[in-house]
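Coming up is one lone chain in C-alpha cells, specifically the form predicted alone.
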Amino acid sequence: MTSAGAASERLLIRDLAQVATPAVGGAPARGAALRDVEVISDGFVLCENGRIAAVGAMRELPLLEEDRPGDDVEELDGRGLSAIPGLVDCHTHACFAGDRVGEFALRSAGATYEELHAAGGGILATVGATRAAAEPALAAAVARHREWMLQAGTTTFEAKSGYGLDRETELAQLRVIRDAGGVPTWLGAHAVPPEFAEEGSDTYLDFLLQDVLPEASRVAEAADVFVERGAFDVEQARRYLAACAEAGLALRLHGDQFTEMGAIQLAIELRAHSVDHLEATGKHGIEMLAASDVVGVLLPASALFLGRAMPPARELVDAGAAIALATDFNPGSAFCESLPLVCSLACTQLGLSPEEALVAVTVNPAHVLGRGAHKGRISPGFDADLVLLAAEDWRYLAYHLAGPVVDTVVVGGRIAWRSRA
C-alpha cells in the first residue's frame, strides 16, 4: 500500500473512532428523519475513483490485495478522528471585492442595517468595489474564500452574483463562481443600482430580464431574488422568477429577513427549491412552509452578526418543515465562512440537536442544490467528500465553539486539506 499523500485512485481511511452519516434514504429530511444519524465505532471508509466504495466497522474491512498491479491503496490513519460527510454550504455571497469593516464599526456604534443601506452603504457599497475589480481579481477573491470554506470543512458551496447589478459584472461573477467549482446562482435582483434610482425597480427588472438573463441562464444553475422592504416586492419577484424559470433556472428566494412580505407563499407557488433567512417568519409562515416541499434555509450567523432575532428553527422542525443551515458568507452581514460555527449556533441558539444540525449542513443543502442523490452522506456510490474531525466524537462539530475542529478534508477521494503536515 502507498503512504498518505501519494497518488492513488483508492483511499482507505482506517481506524476512525467514529463514522457518522445521515441515515435518511431520501431528501430533504424532515421531522424524525432530521435526527436519524448512523454512527459506526472503530470504522473505516474506502474511496475508489472519487466515490465511496465501502464503509463499516474495521472488523468488516475486506482484505485488500497489496501487490496487485494498479491496485495500490493510499492509507490514512484515522486514529483519534471521527468522519462526517463533506459539508454543503447552500447560501453564500462569496464573490465580492473589498470589505465593509468600516460599516461594521458603524453598526457596532448603533447604526442599523436599514439605515446603512439607505445611506448608500450595505449592498451598494460592495457593488462599487466589485464593479471596480477586474475579473481576475474576482477570481482570486473567490479562490481565497473557497480555501477558507474548505478549511472549515465545506466541500460543496453555492455562491451568488448580485454585487454587480450590471450586465458585465454579474456575468463575470457567475463565470468566476462556476470556474472555482462553486454552484452559481444569479442574484441580479439583489438591489436597485444607482443608475436606475430615478427609473425605479421595475425598469431595472426590465433591464435584467432583457439584457442579462439570456446569458446568465447559460452560466447559472439557479436564480435568486431579495424580497424585502427597500428591495423587491412579491409582484416584482414573481415576474423576475417566472422569467428565470422559463429560462431553465431553479428558483431560490431571500425572504422574511426583516419583514414578512409574502416570500414563503411565492416560493411555494413557484415551487422554489428554498426560501432563505426567515428571521421574521411567524406562525402562519411556519405552517405553510411545513406543508410544502420548499426547504427553509436558516442563516444564524447573519442574525448574530446583525444582532437580530434568530429564525424559528425549532418551531419549523417541530411543525414538519424541511430545513437547511448555511453561512450567508458575505462582507456586510455575515463575514463568516464556517459551517461548524453555524452548527454551534444552531445547537446553542436555535434549539436544534447535533444530529439535526449535521443533516442540515449535509443532506438537506445538497438537495437544495440539486445534488442530493450523490452528496451529503457517507454511503456507497456517493461522492467521496468527507471531513475528518479532530475529536473521537463527531458531535464536536457543534460542541467546539469556533475551535480548530477540522483535521482533514477529502474531496473526490483525494486529500484536499490537512491541518498538519
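This one's a predicted model, so the numbers in the text were calculated from it and none came from an experiment. So that there is no doubt, residue numbering starts at 1 and follows the sequence shown.
Below, we refer to the form predicted together with a further copy of the same chain, which is not included among the displayed structures.
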- Note on the structure: a further copy of the same chain in the predicted bound form has a heavy atom of only one listed residue within 4.5 Å, and of 258, 196, 335, 207 that residue is 335
- Message: Only one of 345, 241, 123, 266 gets a heavy atom within 4.5 Å of a further copy of the same chain in the predicted bound form. Which one?
- Response: 345
- Message: Whether 349, 354 and 404 jointly form a contact site for a further copy of the same chain in the predicted bound form is the question; each needs a heavy atom within 4.5 Å.
- Response: yes
- Item | 4.5 Å heavy atom contact, residue 234 and a further copy of the same chain in the predicted bound form | no
- Message: My question is simply whether residue 76 lines the interface with a further copy of the same chain in the predicted bound form - judged by any non-hydrogen atom within 4.5 Å.
- Response: no
- Query: Taking heavy atoms only, is residue 112 within 4.5 angstroms of a further copy of the same chain in the predicted bound form?
  - Reply: no
- Closest heavy atom of residue 99 to a further copy of the same chain in the predicted bound form, within 4.5 Å or not? yes
- Just one of 102-110, 132-140, 316-324, 79-87 has residues with a heavy atom within 4.5 Å of a further copy of the same chain in the predicted bound form, so point it out. 102-110
- Residues in 388-404 that come within 4.5 Å of a further copy of the same chain in the predicted bound form by at least one heavy atom, in order, are 393, 395, 396, 398, 399, 400, 401, 402, 403, 404
